[in-house]
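What follows is a single chain, given as structure tokens, in the form predicted on its own.
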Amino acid sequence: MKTKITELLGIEYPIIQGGMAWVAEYHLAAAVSEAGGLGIIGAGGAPASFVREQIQKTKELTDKPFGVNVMLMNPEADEIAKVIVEEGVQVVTTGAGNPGKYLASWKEAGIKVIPVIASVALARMMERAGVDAVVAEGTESGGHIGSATTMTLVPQVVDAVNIPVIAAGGIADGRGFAAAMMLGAEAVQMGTRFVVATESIVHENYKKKILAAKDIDSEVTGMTHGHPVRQIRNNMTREYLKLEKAGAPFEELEHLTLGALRKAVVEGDTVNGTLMAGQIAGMVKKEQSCAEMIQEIMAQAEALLK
């Protein structure tokens, strides 16, 4: 399927894998790229040396385009920005801030820059700064979220900017893909469904929680201090929300989640770990390879779009 995004990024299908911290490492990124989508390495809060290693390992598994997601609040963001140029990465997605300070060096290196945004104002600002596309991410998505839904955000961003828009949040099958195209998107970004891919290194306990999730099993913490995070409810979220309701200071709440994502992804702690997942988790019912997922989504979408 040809869209402005497949042309821009040199990929076969307009499906981008979300840059999930701890989850989106080289096995997953390479598998998605090999399957014709765009795999993304999630830099998260990792050091620059780790990101370099991830990029090099991805190159060993695929010669197709892949990207790196840079969380701009990472203390080593400056170093990571340099590593991306040095390693010849073709695409960068960004979150948690404004990538403006890196744009000149990235553009000079021919890198396509695609920030994740949650509002029309931010999309316009990014277009003025000279980015290549934006990911309009609705509140349905897992992890750090904005407040607008995908259904309302995507068409408003499409109308507001002239650069291609990628839809994210609440998309896990061909129906969601087709709906995003109808809203004016040129591609979709998916996270939660790829968490349960056979190539994903996420602990089996975490995968089972997503596969067993119901439609109402996701919960948002951090609304009071402006850092809302969507995840599957467990003992940790219940404790967090109880403290949040009681007006606990941000530092106390932060302490509760310290290292909690690693606990879930690496150790399989589904009781006290952070099980980041979108509202779409209730639709994810089987573990498949990335290639099987992408083929299934595209077949269903193409039948609907006809």
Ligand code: TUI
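In this text, residue numbers run from 1 along the sequence as written. All values derive from a computational prediction rather than experimental measurement.
Below, we turn to the form predicted together with the ligand, even though it does not appear here.
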Out of 205-213, 104-112, 144-152, 173-181, where are the residues with a heavy atom within 4.5 Å of the ligand in the predicted complex? 144-152
With heavy atoms only and a cut-off of 4.5 Å, decide whether Leu122 touches the ligand in the predicted complex. yes
With a 4.5 Å heavy atom cut-off, would you call Met71 a contact of the ligand in the predicted complex? yes
Is there a non-hydrogen atom of Thr198 within 4.5 angstroms of a non-hydrogen atom of the ligand in the predicted complex? no
4.5 Å heavy atom contact, Met276 and the ligand in the predicted complex: yes
Of Ala133, Val83, Ala118, Ala185, which one comes within 4.5 Å of the ligand in the predicted complex, counting heavy atoms only? Ala118
Hey, which residues along 92-129 are within 4.5 angstroms of the ligand in the predicted complex, non-hydrogen atoms only? Gly95, Ala96, Gly97, Asn98, Val116, Ala118, Leu122
